[in-house]
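Two forms of the same protein chain are encoded below as structure tokens; each is given separately, as structure 1 and structure 2.
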Structure 1
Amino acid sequence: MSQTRILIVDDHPLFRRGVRQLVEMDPDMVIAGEASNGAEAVDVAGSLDLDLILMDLNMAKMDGLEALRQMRSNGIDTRIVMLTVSDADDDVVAALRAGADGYLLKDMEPEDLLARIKEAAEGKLVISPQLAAILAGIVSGGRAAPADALSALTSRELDILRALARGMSNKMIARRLDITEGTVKVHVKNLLKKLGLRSRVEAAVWAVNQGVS
């Protein structure tokens, strides 16, 4: 059985070096490549034969979340674990929803981190324990978007969201509100951005769970 081939994506060379040293303490794992930003990562992810990608979130050229999304939409199903300093719930949720296979914080103990990386390579979903409460809060609240995100919406966007919560298409909404379908699309796009959601289906589900009506 061959080694686990890992790509590390981070804009700090020293940090990459540290991770490389840590990972290669295990003879079963090898750093197959490095990238210093998301764009590079997307480029090389397809060509290198990888088993696991460790990627930072905050990077200059293209952040880790965007890189993750592009890889997934490029059909790359390599296991991808975010390795970052951000313990913001939005980041965690966004990464997991975008298809990350794990979310680890950089302040973990090295031995622990190494163990988690091995688990990730074996197919497990790995999460820093500190984030458990955050995820629990999200689950218990039944939300994907922050609860107060509703107040960020304009009244027109709320009209649209209510229509989405009834399963209506853009065309139906347009007829109902007596505006063009194109304008409905604009409102849908804007409210999706405000709520941090990716599709009308997510918006509809979220709205129903919020009791929007």
Structure 2
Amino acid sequence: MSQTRILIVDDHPLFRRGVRQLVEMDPDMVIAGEASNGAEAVDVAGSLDLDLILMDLNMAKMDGLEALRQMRSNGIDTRIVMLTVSDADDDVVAALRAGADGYLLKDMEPEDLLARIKEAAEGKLVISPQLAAILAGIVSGGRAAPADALSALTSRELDILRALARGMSNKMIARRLDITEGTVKVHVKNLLKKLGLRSRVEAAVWAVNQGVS
């Protein structure tokens, strides 16, 4: 089994070094590169073969949120997890809506952080425990799809929604359903439109709330 290739994006060299040392304690993971700001990260992400990107939110030149948006706009579908000090509701919601696959706080215990990084690499949605209420709130307040919206989905879209609810990546879904990643992306786009939701994270949380698993 090949190692999980990770990019660290943070403007503090000491923090990057600490994350590198933590990650490389696990023989299944390797740091493939580092970037000190969002603009650099966008360039590096487009040139390296990566499985996971760990990215800070507040950086000079280009912040993590803008870098995230640009990466997704450029078609980069590598899993991206925000690793930051900010627990502000707006930051969490903005990152997840922009396509982040997780949101972790830097004050986590090292062993917990390593466990979450491993889960993210396996395709799971990861979020610091104290932020779970914010995640649930993303699909509340009238923005969530109606419960009967499930009936509008095709059987294939329903299969993919179940996979999203389990936190699976496009690559994992494609492998499980024996279809291409491109086909998975089309189905995800269609089901989001039908459900009136804006991101796969919202769809995942809504599906869990509806008992779809």
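Counting starts at 1 and follows the sequence of structure 1. Being a predicted model, the structure only gives us computed values, none of them experimental. Whichever C-alpha set is largest while still superposing within 1.5 Å between the two forms counts as the rigid core.
Structures 1 and 2, same chain in two forms; the form predicted in complex with the DNA is found in structure 1.
Put the two forms on the same core and the Cα of residue 199 is off by 2 Å or more between structure 1 and structure 2. After superposing the rigid core, the Cα of residue 186 is displaced by 2 Å or more between structure 1 and structure 2. Core-superposed comparison between structure 1 and structure 2: the CA of residue 174 exceeds or equals a 2 Å shift.
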